[in-house]
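A lone chain, given as structure tokens: the form predicted alone.
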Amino acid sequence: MVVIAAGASSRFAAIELARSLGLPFHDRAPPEPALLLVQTDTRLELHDSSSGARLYVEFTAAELRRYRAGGPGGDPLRRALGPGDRDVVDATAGLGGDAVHLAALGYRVTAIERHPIVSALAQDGLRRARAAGLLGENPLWRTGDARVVLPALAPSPAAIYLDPMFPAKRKKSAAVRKEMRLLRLLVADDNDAAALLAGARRVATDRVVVKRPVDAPPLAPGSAASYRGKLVRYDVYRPERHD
């Protein structure tokens, strides 16, 4: 993994990013195949030099309007999370799509992503969206391991949202398949998702919501409710207290 600059004006930013992530810096791509984190003159991109795939984060005005409008019968994510005027933690924030969705629905969102490169890509997309006037400071972004961050939150959030990485079985567009492949090259599957759910249930004051493929088994037994969309469902778990 290397960080490179695509233009003279982005060189300083790329050097600073490489330093912050503990990655080597190169002015040009190495000849051997690699994953490259590229600071262009306009945005941060992840490149797979072996396949030519590129990944970057972009939040659009149309996307935000769609989130706010919901869909026929109401947004299942909103129904799973409950009243909109509450604090929600997205503890597996990834590239930030769900955190922005939650913010658009009116929740006060803290997003946590543990992989520093995924987090950097998401924060770059948020920065550009804010510069364009599409987003305010919500969601608040944190880089770190949610298993450590969650117990330290004060006050405890009403709801915690989990979207663990799971094997992609349903049909996706070619662009989405490339995105998921690049993410898996970085982070693989979330083998500790069940442990994170258990920890989240000890922190949330009202509920924990877990996103799953619509035909997948529950992450853990004992869900209190489930809200289905076309391709995914949201399983709701109540808090567990261990005094």
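Throughout, we count residues from 1 along the sequence that is shown. In this text the structure is predicted, and so the values were computed from the model without any measurement.
As for the form predicted together with a small molecule, it is not shown, yet the points below apply to it.
Visitor: With heavy atoms only and a cut-off of 4.5 Å, decide whether residue 88 touches the small molecule in the predicted bound form.
Guide: Heavy-atom contact with the small molecule at 4.5 Å: absent for residue 88.
Visitor: Is the gap between residue 75 and the small molecule in the predicted bound form 4.5 Å or less for some heavy atom pair?
Guide: The answer is no: residue 75 has no heavy atom within 4.5 Å of the small molecule.
Visitor: Could you tell me if residue 187 has a non-hydrogen atom within 4.5 Å of the small molecule in the predicted bound form?
Guide: Looking in the predicted bound form, residue contacts with the small molecule include residue 187, since a heavy atom lies within 4.5 Å.
Visitor: Using the partner position in the predicted bound form, report whether residue 93 sits within 4.5 Å of the small molecule, counting heavy atoms only.
Guide: Residue-level check for residue 93: yes, a contact with the small molecule.
Visitor: Of the options 81, 103, 146, 158, which one has a non-hydrogen atom that comes within 4.5 Å of the small molecule in the predicted bound form?
Guide: Spelling it out, the residue with a heavy atom inside the cut-off is 146.
Visitor: In the predicted bound form, which of the listed residues (112, 126, 109, 120) lies with a heavy atom within 4.5 Å of the small molecule?
Guide: Residue within 4.5 Å of the partner: 112.
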